[in-house]
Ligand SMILES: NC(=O)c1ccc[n+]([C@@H]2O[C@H](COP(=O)([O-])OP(=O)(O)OC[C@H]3O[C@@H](n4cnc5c(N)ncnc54)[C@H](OP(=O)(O)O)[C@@H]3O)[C@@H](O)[C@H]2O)c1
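One chain comes next, on its own, written out as structure tokens in the form predicted alone.
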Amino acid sequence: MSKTRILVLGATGQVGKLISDNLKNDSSLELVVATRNKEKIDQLASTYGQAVYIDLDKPQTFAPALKGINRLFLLTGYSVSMLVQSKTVIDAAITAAVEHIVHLGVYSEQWNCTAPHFAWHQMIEVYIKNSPLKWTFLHPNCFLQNLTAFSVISQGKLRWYTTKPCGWIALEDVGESAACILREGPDKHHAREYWFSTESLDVYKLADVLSEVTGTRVTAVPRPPGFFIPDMGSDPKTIDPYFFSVAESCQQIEDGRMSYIGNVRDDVPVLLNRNGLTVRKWADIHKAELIKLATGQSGKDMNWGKSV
């Protein structure tokens, strides 16, 4: 009996790497990881067993990468291009007779979302639901890794673009949960939607937790949502619509239209038989990096753009 072949997109990114790391030692399946960087294929193959080239902006690369694949983890770029990328990958997966697709979406608890990138993900999921593919959707809330990946913590300050509570989730939990779903497959997870929002904290409480864990006073510096684009320091005419959507999302969280972003709704226990990581537990894991950020030793500059 042949083994189930699983293709993970975005293996060089944070989520894709976590999923791949969770699956790579499972002898019951064949893991294939994908990259758009041809120079990394050999390195990835050495780490994960099999690696293929795929460029989401080049549909002609899809068929070779999807050949013989049974289950697909779909993650596309954070830009308006995600619409075409997702549609064409889904079409190619159908042609390649992929059985099951696991899609990483957003925390869209209300069907009538008006924030653009939330609506984009909803449109992608409607397209998947109306395809012959079996499917599972993941709905993560605010990633805790956003605190370290972007310049929002620096020199004792935590910048955030809403004062309202947000639900937080560790990428480690999303990665392990996605790996579980891909491993167990559609017999258990078809037509299921899983939500990831472990703990709800506003920017002030978040700063308190980070202060306690790092031993360095971190002060909350809430910014008006309208400052997000100026703080990026880029010409608005050249910015992808996705970033305007982030600013719009922050505005809708602040004015209450997207108040559900502050909800706790966590399926980590359902999938992994354990609780999701709290903000404090996650911060303990990333303590060294957070200390560097909080004390200004990371080299990241919090003062984006021209706004002050």
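In this text, residue numbers run from 1 along the sequence as written. Please read all numbers here as calculations on a predicted model, not as lab measurements.
Unshown form predicted in complex with the ligand; subsequent notes refer to it.
Proximity to the ligand in the predicted complex, taken as heavy atoms within 4.5 Å, picks out 77-85 from the listed stretches 187-195, 204-212, 77-85, 220-228. In the predicted complex, none of the heavy atoms of R280 sits within 4.5 Å of a heavy atom of the ligand. The closest non-hydrogen atom of N146 lies within 4.5 Å of the ligand in the predicted complex. For the chain shown alone, Q50 is not a contact residue for the ligand in the predicted complex, no non-hydrogen atom being within 4.5 angstroms. When contacts are judged by a 4.5 Å heavy atom cut-off, N141 counts as touching the ligand in the predicted complex. This chain is drawn without the ligand; in the predicted complex, the residue among K67, R257, R265, R36 with a heavy atom within 4.5 Å of it is R36.
A heavy atom within 4.5 Å of the ligand in the predicted complex is found for exactly one of I90, L104, V98, A115: L104.
Using a 4.5 Å cut-off on any heavy atom, the one residue of 236-266 that reaches the ligand in the predicted complex is Y242.
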